[in-house]
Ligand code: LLP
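Here you get one chain, nothing else, as structure tokens; it is the form predicted on its own.
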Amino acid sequence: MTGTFPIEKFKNLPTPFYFYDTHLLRTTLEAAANAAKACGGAHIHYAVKANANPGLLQIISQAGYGADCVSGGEIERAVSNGFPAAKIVFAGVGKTDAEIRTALAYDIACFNVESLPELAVIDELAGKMGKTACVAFRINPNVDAHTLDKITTGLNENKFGIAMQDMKAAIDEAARLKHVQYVGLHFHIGSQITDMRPFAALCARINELQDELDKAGIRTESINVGGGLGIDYDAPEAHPIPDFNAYFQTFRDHLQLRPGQQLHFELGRSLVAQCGSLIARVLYMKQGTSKKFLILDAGFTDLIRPAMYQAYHKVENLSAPADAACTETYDVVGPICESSDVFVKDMPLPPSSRGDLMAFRSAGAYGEVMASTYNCRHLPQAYIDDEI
């Protein structure tokens, strides 16, 4: 059992709920900012899709970060929690007219454009609103991130981005239109990447594309390399903060920026994942034919990553003594009426019983924000450490 949780306070709270360690969050934000500063002062936009909890957003915006949004709702959430519109970038393969108008009304920094039809719509709507929209083209670099299929975004068969061979035509089209201004290139190859080699490969591809633009006399103000840095789900206590130094140094070593070019990053999971945990209670211990099941009051409505991605989250019995040995093996499951509502199988844990508090670690990213009301269940509550 870890000593970082206020267990006595948890006992009086209805479960399931999310708990956020803001000291760890602030320490992580500082580490990332320092690493970026040491490697040329890159701009970091927090990927709001990872966690849109208002309390966390306020801490992140106060730390000076920008925001990477993928919906009009995220733009509104970011602005209402302190992110300057001038530091907001808007990505997404299917931006609606209403979302584009919202972004234009706020005068956000940049649209990350993913198709020529989208560019035409932005130009049309900007013209009607008397605006000029800054745009960066998301280019599909066909770089394999070597991560899960469902979180890989940079291959030719993915739905995201514009093909490399269409890059110059897109930039030429932007120059022809009256209400958009080309400012940069945008890339994102995937998520939960812990090997720096795919990032080095991305840099090599960007260098090739920039050489092509140089030959055509096209100036590019900014390069946005997305995010994707992973975390340690297996040992969150041993590695609570990712190796930001190695991450940023990879781009410093391999990316050939032009004079005056700005470098932008869009980090999400690596900033917030380790500060969050899902807390649940044991409802029943059920003996099967050959297995023991721990049935919890949390299910995939509260944390869907295991069911959707077969993702692993370390499970801890917070009610067990600190020196308790793992002497039982359980399938840890939820109450949802679906056979996929399984958090982990054959998990060694201390002997557990009804009422025990369980923690799913590293759940600060894509946990609370992806929760649903399936089975008419209530959304999980969320608590920040200094609020309980």
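In this text, all values refer to a predicted model and were calculated from it rather than measured experimentally. A residue's number is simply how far along the shown sequence it sits, counting from 1.
The same protein also has a form predicted in complex with this ligand, omitted here; what follows describes it.
This chain is drawn without this ligand; in the model of the complex, the residue among I122, C110, I223, L267 with a heavy atom within 4.5 Å of it is L267.
Only one of S191, T301, Q274, N140 comes within 4.5 Å of this ligand in the model of the complex through a heavy atom, and that residue is S191. Put simply, A47 is close to this ligand in the model of the complex: some heavy atom of it is within 4.5 Å. Proximity of Y18 to this ligand in the model of the complex: non-hydrogen atoms within 4.5 Å are absent; the residue sits far from the partner. Looking at K95, you'd find every heavy atom of it more than 4.5 angstroms from this ligand in the model of the complex. Taking the partner from elsewhere, M370 is found to have a heavy atom lying within 4.5 Å of this ligand in the model of the complex. Only one of 305 to 313, 214 to 222, 282 to 290, 173 to 181 places residue heavy atoms within 4.5 angstroms of this ligand in the model of the complex, namely 305 to 313.
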